[in-house]
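The chain below stands alone and is given in structure tokens; this is the form predicted alone.
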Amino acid sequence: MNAEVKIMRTAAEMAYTDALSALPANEPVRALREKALRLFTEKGLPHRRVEEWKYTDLRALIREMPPLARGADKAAIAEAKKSAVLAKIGAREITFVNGAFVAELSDLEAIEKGLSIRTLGDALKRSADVAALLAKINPNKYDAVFALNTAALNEGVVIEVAPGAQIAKPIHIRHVVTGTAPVSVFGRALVTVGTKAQATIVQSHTGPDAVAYQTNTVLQLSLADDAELDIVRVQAEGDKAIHLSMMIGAIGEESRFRSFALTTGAAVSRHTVPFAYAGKDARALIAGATLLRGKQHADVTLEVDHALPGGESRELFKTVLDDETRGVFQGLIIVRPDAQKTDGRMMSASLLLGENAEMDNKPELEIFADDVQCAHGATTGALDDDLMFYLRARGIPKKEAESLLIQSFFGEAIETIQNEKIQESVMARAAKWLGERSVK
């Protein structure tokens, strides 16, 4: 006699299933959404017994699901106008407020030749190819964040750069949450860059403090051969928010990809980057800076998959942890048997400012080829006492001295941003975090 094993579902898991199954679906993605929801219903939120989530137990951290956001009314739009995570970067803005596209806060006039920007809803109605693109890039294994995002798939943005187009003006996708009541917000951005084309995409996330809202966003990328793309991401959510996000992509032959992510917000955040080399001799630089205080928990999980020869990857992540915060970095470089001549290097460095702060570093290499150069490393430490003494001896106040050392630590990662205006704005955002921290 075999006993039937009944899988217990949490209140949050049941709420997600009920809410997302009731959403109306655009026909081209109905099957995609239904499959994702079935997967989530079967597997649920990941927990500490799932290796990739052992440091960020979503089943324990997410106790309930706030109701789905109902879009943006006049009050929400007026509030969003005051939100400026990155100022003066000279970008074309695409704004979503509480998950809904807001035309009056977006700049879709006089689009450059070779650039197409459409809302996902409009693109799905007009082109069957978009649904095929959405289904093309998926994680190699089940991921609850991606499954939930796909199950909610209706609205977002589709950005297409035609072959040969050189888009000089950055494109800024703004995600703004407003209001005083907790809500759940989902968003998907689909970016394709054609052969020999170039573009810069900025993505920012912000919302109110003292509101336990939840966001789930996926940025889906596809680069053709000899294409170039820069991504800059700033996560500055409210202090009670839960932020789940993924950047998933594949890059073609001789393409060049650079990304940077700044994390300063949310009570709990998880950013996952599954990244694949779909062409030989491609190059990627993936960097980030995470600045935490209070009791924040931030997780960056990265998987770089070299499948073809000649690929180069560089990963550089800096984490600053104050008070009772917890940081997580999980980085994996995979080199497949055919990926000879791969050059991959990964570094995670952490600076502990609080006595009760914690950093979990887990860099890994899986190499199945013999002609490669790969390395990884992780360091964790406190501010250098000798350097502090040197600065204080020259009359520099303690807070200013600490700020100089902290900024020099994470500044190396921010300096990987190619666009000077964006780099300056991101540095100013990080400096604001420094200015707000108290010195014990």
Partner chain sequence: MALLEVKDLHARVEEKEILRGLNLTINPGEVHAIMGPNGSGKSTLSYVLAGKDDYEVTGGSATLEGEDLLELEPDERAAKGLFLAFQYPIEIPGVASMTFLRTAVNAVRKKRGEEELSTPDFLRLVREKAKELSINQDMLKRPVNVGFSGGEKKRNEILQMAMLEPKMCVLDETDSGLDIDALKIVADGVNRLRAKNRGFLVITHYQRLLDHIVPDVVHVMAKGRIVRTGGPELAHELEAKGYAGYENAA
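The structure presented is a predicted model; accordingly, all values stated were derived computationally and were not measured. Residue numbers count along the first chain shown, from 1.
Although it is not shown, the form predicted together with the partner chain is what the next lines describe.
Colleague: Under a 4.5 angstroms heavy atom criterion, identify the one residue in G381, P67, P397, G377 near the partner chain in the predicted bound form.
Modeller: Contact with the partner chain in the predicted bound form is made by P397 alone.
Colleague: Tell me the stretch among 55-63, 368-376, 32-40, 397-405 that has any heavy atom within 4.5 angstroms of the partner chain in the predicted bound form.
Modeller: In short, 397-405.
Colleague: At 4.5 Å between heavy atoms, is R48 in contact with the partner chain in the predicted bound form?
Modeller: No.
Colleague: With the partner left out here, which residues of 367-398 have a non-hydrogen atom within 4.5 Å of the partner chain in the predicted bound form?
Modeller: Residues within 4.5 Å: D386, L387, F389, Y390, L391, R392, A393, R394, G395, I396, P397, K398.
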